[in-house]
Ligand SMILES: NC(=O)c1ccc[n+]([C@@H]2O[C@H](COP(=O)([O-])OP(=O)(O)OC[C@H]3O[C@@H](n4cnc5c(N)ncnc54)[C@H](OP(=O)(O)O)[C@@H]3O)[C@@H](O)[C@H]2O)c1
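In the block that follows, a single chain appears as structure tokens, in the form predicted alone.
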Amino acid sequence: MKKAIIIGATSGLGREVATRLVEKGWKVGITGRRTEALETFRNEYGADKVCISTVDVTRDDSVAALDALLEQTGEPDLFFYASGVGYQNHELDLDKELRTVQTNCVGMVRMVDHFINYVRSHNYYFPKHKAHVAVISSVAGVVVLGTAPAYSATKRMQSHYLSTLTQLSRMEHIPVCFTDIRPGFIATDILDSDKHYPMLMTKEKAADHIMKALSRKKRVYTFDWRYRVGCFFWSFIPRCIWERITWIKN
């Protein structure tokens, strides 16, 4: 039985992927801040398939909670960081900006680095059986969105951090591979349902893409094809021109 740890599985893409994995026969350890939602998921699929741990990645004690979950689940083949927040923040509300940085950056570093050190100390992993670490970043990390300053910046940080970890793991011969998952607009709670978003995708369709990326262990996976094309052409727009574009509101 393959095993996975999913950080941020009480809703959205984390929950969708957890559901897909359990239904494929995986044993899954899930985390989130809402204990009731975690318990509901475990009750639905059974304690033999689902382990839970209430975790707030912005807190220092989240590492101990992760260790407790790893003890329940056993050495996971997949470590999936799906926790994330983001806001359109024209007013630069400081609380929103800092909350985004704490979850998307500090929380990710805390959880992912701790797991990599866990891999170092367990003989379950070796060069031909690497741990797979996947993180949901965003196409917003490829090109900045002025309406969401912290969100865009933290998503770029996540992508760059995974690049550095990929290089470090090769330097130190750590049996880990990485996947940077870059979706566009997904119909989850993170978006304002009253606004129109281009190329909006359902979370079910997005989960299909994520499962494909995970199964193929793609290093970077942008979906769908329209965003892949867009990211290619966006990369040719000079920064001085992009920063003068003011008609983009989402």
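Please read all numbers here as calculations on a predicted model, not as lab measurements. Numbers for residues come from their place in the sequence shown, where the first is 1.
Below: the form predicted together with the named molecule, not depicted.
Stretch-level contact analysis of 115-123, 176-184, 163-171, 68-76 against the named molecule in the predicted bound form, using heavy atoms and a 4.5 Å limit, identifies 176-184. Residue contact check for N89: none of its heavy atoms lie within 4.5 Å of the named molecule in the predicted bound form. Contact check for G230: every heavy atom lies farther than 4.5 Å from the named molecule in the predicted bound form. The named molecule is not drawn, but in the predicted bound form it has no heavy atom within 4.5 Å of V50. Although the partner is absent from this view, R34 contacts the named molecule in the predicted bound form, with a non-hydrogen atom inside 4.5 angstroms.
Contact annotation for the candidate site: T103, I136 and T188 all lie close to the named molecule in the predicted bound form (heavy atom within 4.5 Å). When you look in the predicted bound form, the only residue of D56, D208, D224, E44 with a non-hydrogen atom within 4.5 Å of the named molecule is D56.
Scanning 74-99 for heavy atoms within 4.5 Å of the named molecule in the predicted bound form gives A82, S83, G84, V85 in sequence order.
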